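A single chain comes next, written as structure tokens; it is the form predicted on its own.
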């Protein structure tokens, strides 16, 4: 028995010795499939700071996690445009100390000074995403230029769509010729009716990996983020990516530091690391969203101009969100 106890003790000691010792940590909450694991590992090795990394698939899920967590649980988060404004109103994020960011000048000025944070006091752009229609042209020959083209009866159970209420309801509003940030109840009711028509054609709502449905040929159509569409096309050359003529969303995700963060200095180190050209390039090589680093632009100048001229940012609609919540509950 003594030999067994001794053996267990030795194994426990060896196990403890093999665990890496870090100088500090940073608690990060980010979108699913947004930063490659290699990038996180390289940061940990370079700075000897442990990254405790969690994920979410919608701004609403992010808000719920921050609201329900105890003070100091998270340090760095990546909210989208309208959620930044909402979090400022609720005193959930801190003003940024930009003097701690040596690589801040790498940010493309086209993404700075947006309506939701006009002086970038609380946020800085990380990556941008657009919504797109995707079509498997091997199986779908019909011309598709509009969200309304997705209503055809022959597309029953053949569409993958984002699990994001603001994006999906915004899409329905745009399909009806309205602003995707509309708050008029009659117009929202028309959008709900439109979505109820579309519902029979939707196979699944998925924001984590909608590309999988297209790559595995489970569906032939989708309304998904541009990076997911690009990856799907790389795997399936029959995929066509379309910017709908009705309009489309532009989502700008941002660095923000949570109020009363425990590891602020390490959060700034992680932000500055991600702002580096070599790191920024590596991120969008694996997840091809729109890079906001001016030295790592991964879309053509013409395409970027088209996006910025034609896309719409999701805006904070205040208490009107309750109407969106009710519609979403009926749709899903």
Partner chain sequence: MKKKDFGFKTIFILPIVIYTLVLIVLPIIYVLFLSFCTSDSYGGINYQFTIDNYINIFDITYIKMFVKSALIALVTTFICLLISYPFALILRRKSESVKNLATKLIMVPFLTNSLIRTYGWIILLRKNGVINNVLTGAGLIEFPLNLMYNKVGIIIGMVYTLLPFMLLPVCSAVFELDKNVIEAAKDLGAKPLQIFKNIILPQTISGAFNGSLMVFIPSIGYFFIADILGGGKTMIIGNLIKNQFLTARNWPFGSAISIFLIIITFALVKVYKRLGGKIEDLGGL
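Please read all numbers here as calculations on a predicted model, not as lab measurements. Numbering follows the first chain given and starts at 1.
The same protein also exists as the form predicted in complex with its partner chain; that form is not shown, yet it is the one meant from here on.
The single contact residue among 217, 238, 146, 102, judged by any heavy atom lying within 4.5 Å of its partner chain in the predicted bound form, is 217. With the partner removed from view, the residue among 195, 124, 261, 86 that has a non-hydrogen atom within 4.5 Å of its partner chain in the predicted bound form turns out to be 86. Residue contact check for residue 202: one or more of its heavy atoms lie within 4.5 Å of its partner chain in the predicted bound form.
Put simply, residue 255 is far from its partner chain in the predicted bound form: not one heavy atom of it is within 4.5 Å.
Although the partner is absent here, residue 63 is a contact residue: one of its heavy atoms lies within 4.5 angstroms of its partner chain in the predicted bound form. Using a 4.5 angstroms limit between non-hydrogen atoms, residue 300 is distant from its partner chain in the predicted bound form. Every residue of the trio 82, 213 and 321 has some heavy atom no more than 4.5 Å from its partner chain in the predicted bound form. Interface residues of 133-161, taken as those with a heavy atom within 4.5 Å of its partner chain in the predicted bound form (partner not displayed), are limited to 157.
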